[in-house]
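Taking the form predicted alone, here's one chain by itself in C-alpha cells.
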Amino acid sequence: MWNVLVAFKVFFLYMILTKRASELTNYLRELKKQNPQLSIGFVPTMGALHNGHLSLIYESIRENDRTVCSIFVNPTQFGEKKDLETYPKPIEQDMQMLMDAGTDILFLPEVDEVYPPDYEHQTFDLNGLDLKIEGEMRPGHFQGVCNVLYRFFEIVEPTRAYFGQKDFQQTVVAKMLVDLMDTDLEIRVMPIAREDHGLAMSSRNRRLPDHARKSANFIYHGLLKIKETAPEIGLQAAIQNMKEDILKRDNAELEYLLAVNANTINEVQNLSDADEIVILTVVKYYDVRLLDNMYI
C-alpha cells in the first residue's frame, strides 16, 4: 500500500509525502513505466528551507516532469554531535514552503530508511578531494555526503539533481560521485541565492543577530573587490586585502580565504594558473560559520 500523506494546497494542487524509501522508488518506477521519457528532478536538503532552496525547486520544476525534494539531516556528515542536535527542524514551515512552490513529492525518511541495517558505509575514492579545505577542517564530512547522496540517487533514480553553488566543494564532490557511479545523472549547480544586502542565503543565517545578518555582507563585498582588483594588483594581493579587512572587524574570525582551480579545488596563486578560478572563504561571524565563494 502506498503509505503517503497527501497535503492539499488549493483545489487540485497537492504534494505527496512519504517516509518509505521502497515506496518512493516503486512509485517513481511505475510513473516511468507509464511514460519512459519522464524526467525527475531531485533537490536534496537538510530542511530549514529558505529562498535559496526554493530557487533549486523552481529550476527543477522548470526542467523536469516531476520534482522530488528530500529533507534529511544526515548524521554521517556532522563532525560534532552538538551541531547535529542543534540543527533547526521547522518541518511544518518547510512543508508549506514546498507545497507553495509546487513540489510534487517530499521524501522525509528516518535514518534507518536511508541507512538500513544491511547498508555498509562506503569509502569513495575522491582522489583526495575529500581531504582538502572543508574536508581538512571537517574530517569525514565529504564521505558522509557521498554516502547519503549515493543512497538518495539509488532511491530516487533522478534525471537531474540540483545543488547550490554556495557549497561549492560539495558540488564538485557530487559530480565526482556521479562519475564513480557511472550513471547518466546530471548534476545542476545553481548560482548563489543572496539576501538583499548580499549575504549568501543559508539556514545558519537565522542564528545571527539581526544587525549582524545585515553587516555580514562585508564577505560578499570583499569577494567582489577581489574580482575587481585582482587583474590590476594581482590575485594574492587582492586576497590579502580582504584578509586584512576581516581581521579589523569585531566578532569576525577568518577560517580560510583562497583561490582554487574550479575543477580540481587545487589552490592557485595567479589568474593565469587555471581557466576557471573560484575564491572560497569561510568566516565565523558572531560564532556562526558563514560560507561563500565567487568565480573570478
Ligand code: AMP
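In this text, all values refer to a predicted model and were calculated from it rather than measured experimentally. From 1 onward, residues are counted along the sequence shown.
Only in words, not in the display: the form predicted together with the named molecule, which the text now covers.
> If you check in the predicted complex, is L257 within 4.5 Å of the named molecule, heavy atoms only?
Result no; L257 lies far from the named molecule in the predicted complex.
> May I ask you to state whether N64 is within 4.5 Å of the named molecule in the predicted complex, using heavy atom distances?
Contact with the named molecule, no.
> Would V68 count as touching the named molecule in the predicted complex under a 4.5 Å heavy atom rule?
The answer is no: V68 has no heavy atom within 4.5 Å of the named molecule.
> Closest heavy atom of L235 to the named molecule in the predicted complex, within 4.5 Å or not?
No, L235 stays farther than 4.5 Å from the named molecule in the predicted complex.
> Among the candidate residues I226, I133, V172, M201, which is the single one with a non-hydrogen atom no more than 4.5 Å from the named molecule in the predicted complex?
When the named molecule is considered in the predicted complex, the option within 4.5 Å is M201.
> Counting any non-hydrogen atom inside 4.5 Å, which residue from L28, M46, A230, M242 sits next to the named molecule in the predicted complex?
In short, M46.
> Heavy atoms within 4.5 Å of the named molecule in the predicted complex: which of the stretches 208-216, 187-195, 116-124, 95-103 has them?
Correct option: 187-195.
> Need the contact residues for 161-178: heavy atom within 4.5 Å of the named molecule in the predicted complex, sequence order, or none if there are none.
Stretch hits, in order: Y162, F163, G164, K166, D167, Q170.
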